[in-house]
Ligand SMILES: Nc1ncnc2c1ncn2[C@@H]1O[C@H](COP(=O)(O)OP(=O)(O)O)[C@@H](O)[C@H]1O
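Presented below, as structure tokens, is a lone chain in the form predicted alone.
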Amino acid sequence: MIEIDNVTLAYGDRTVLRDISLSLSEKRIAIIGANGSGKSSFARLLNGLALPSAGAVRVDGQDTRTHGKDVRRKVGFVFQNPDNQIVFPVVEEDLAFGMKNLGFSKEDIARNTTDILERYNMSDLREHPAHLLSGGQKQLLAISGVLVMQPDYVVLDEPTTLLDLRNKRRITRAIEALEQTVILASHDLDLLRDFDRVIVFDEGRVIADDRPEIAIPIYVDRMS
């Protein structure tokens, strides 16, 4: 479970989240809201990419302030733009990077790399330049780079926004197949219809928190 306890987040004089308290235990949780509503900032709190100005975020009891490394091992984060996440020039080198930092053995790194590339039909791209991949392939590489570190939770920040329809469907299938708990910030409402829970943000606060068929219409009405 991820617990958010009376959290406020501010950047200088600008407060982006106010007095948020939530417990996240469902398998599929969506976060929606207009641009500037605070949803992406909220997503970054969940693995310690951002730290609360007040309050606490705990992942399976571990505080993101004091156990940041442990939390980041538990909670993988996939950015909207994969170019912000891919750091090495060759696909297999990029996949190995996070595992090396976590102390995986060479054998485990090789095996996990092979397994994840086979999973997404990218085995032929193992030695391919990462910057020459298509948009969909880059996003799959970013997701793969998180999954090889074997997290318990995967947080994704608008992973389909920059993609065409074909690649959007490909990433959607990849998300649907994840075994981990998924927390997804997205504008793509169709992607969220089968989620267990949808949390709606507006101006830094939660204005709805319910099943998709209840929460999504509240958001749509707010945007009208």
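From 1 onward, residues are counted along the sequence shown. Worth saying up front: this structure is predicted, and the values here are computed from it rather than measured.
Beyond what is shown, the protein has a form predicted in complex with the named molecule; the following relates to that form.
- With the named molecule left out of view, the stretch that reaches within 4.5 Å of it through heavy atoms in the predicted complex is, among 31-39, 66-74, 172-180, 46-54, 31-39.
- Taking the partner from elsewhere, residue 24 is found to have every heavy atom lying beyond 4.5 Å of the named molecule in the predicted complex.
- Looking at residue 16, you'd find a heavy atom of it within 4.5 angstroms of the named molecule in the predicted complex.
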